[in-house]
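Given as structure tokens, the chain that follows is alone and in the form predicted on its own.
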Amino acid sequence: MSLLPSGAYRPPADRWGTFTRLAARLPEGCVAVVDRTVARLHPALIPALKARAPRAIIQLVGGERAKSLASLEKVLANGVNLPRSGTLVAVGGGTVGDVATVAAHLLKRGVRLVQVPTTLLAAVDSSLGGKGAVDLTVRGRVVKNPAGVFHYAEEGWLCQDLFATLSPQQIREGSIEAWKMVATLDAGLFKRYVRAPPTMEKLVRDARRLKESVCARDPYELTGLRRVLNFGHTFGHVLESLSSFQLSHGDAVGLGMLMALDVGRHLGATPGLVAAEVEAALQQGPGVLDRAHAARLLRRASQRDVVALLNADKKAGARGELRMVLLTALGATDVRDVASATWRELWPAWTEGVRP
């Protein structure tokens, strides 16, 4: 067992293999939080967990609704008898992983956490980096991630057998997030991706390596270095909320990246050729949704609705300005304070589904 305090920063201990083989590593008496759909699609999963005599196996319906205080309470209630040295294992996509991370942080002031991402998006992003959060409802709208914690996993399991049932949409969502990290952190790798798209395993390994290189230098988001990981998230979260979370996180981030490229180009931070190159690569590589999807959502809302969502976002500045990550070159970013007047000027083009 690690001598580090539960949840403290630790470099990732990634383990690749089948779920059944890796599950034999679990200590007896653990608590498991499992996506119900994953359990149905992979019949050997629950028996493999039961073989470790767990205290509880909690099945949640994945998706944004899982990130609720009610789900969190359910996990906490089932884990109340877990000792401080116990283990909580999260088997699911990013939303199940988020709830489990918060629960692991709160139970006995911190228990061991094992992340088992079952979506490509969770494998390349949310299962790494220690962050977990739940959503809250503010003025009738769900706001993403305002209540959260840092709690680093003891291990991350990458089980390619669990990825075998992913839909093309799920693969696209995870690929978009991985390409985001490559575009903002590694210009050379980005160009290699454009020439020859990577295999899924390489995509996961590259994305996790790049994200870890950032998290290791700013494990608790105290220095600002981790802000680069928020590229595309500012307006991506707005689009998710406006869709009542019918638009997935990965697809929302993809559209949010296009909007961030627009803002950067408008402010002179993002060279036009770089913005065009990245947009084309996102369309041809992972297959980001077209701008018409964002336009349909934005036309449903008023600018006042968007302001309310932006103000509730944890990345907003103290005076309400947006702290946006803007691409300054391939593999390079800058964080700028963006006044509301800036994105309002882009609003007509955004609502028409065209590049400003």
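The structure displayed is predicted, hence computed values, not measured ones. Throughout, we count residues from 1 along the sequence that is shown.
We do not show the form predicted together with a small molecule, though everything after this point is about it.
Taking the partner from elsewhere, every residue among Val96, Ser126 and Asn145 has a non-hydrogen atom within 4.5 angstroms of the small molecule in the predicted bound form. Only one of 183-191, 267-275, 96-104, 198-206 lies within 4.5 Å of the small molecule in the predicted bound form by heavy atoms, and it is 96-104. Lys211 is the sole member of Lys211, Arg112, His151, Arg172 with a non-hydrogen atom lying within 4.5 angstroms of the small molecule in the predicted bound form. The contact with the small molecule in the predicted bound form, taken as any heavy atom within 4.5 Å, belongs to Thr165 out of Thr137, Gln284, Thr165, Asn81. Contact check for Gly29: no non-hydrogen atom falls within 4.5 Å of the small molecule in the predicted bound form. Interface membership of Thr37, defined by any non-hydrogen atom within 4.5 Å of the small molecule in the predicted bound form, is confirmed.
Within 4.5 Å of any heavy atom of the small molecule in the predicted bound form lies no heavy atom of Gly331. Using a 4.5 Å cutoff between non-hydrogen atoms, Ala56 does not count as a contact of the small molecule in the predicted bound form.
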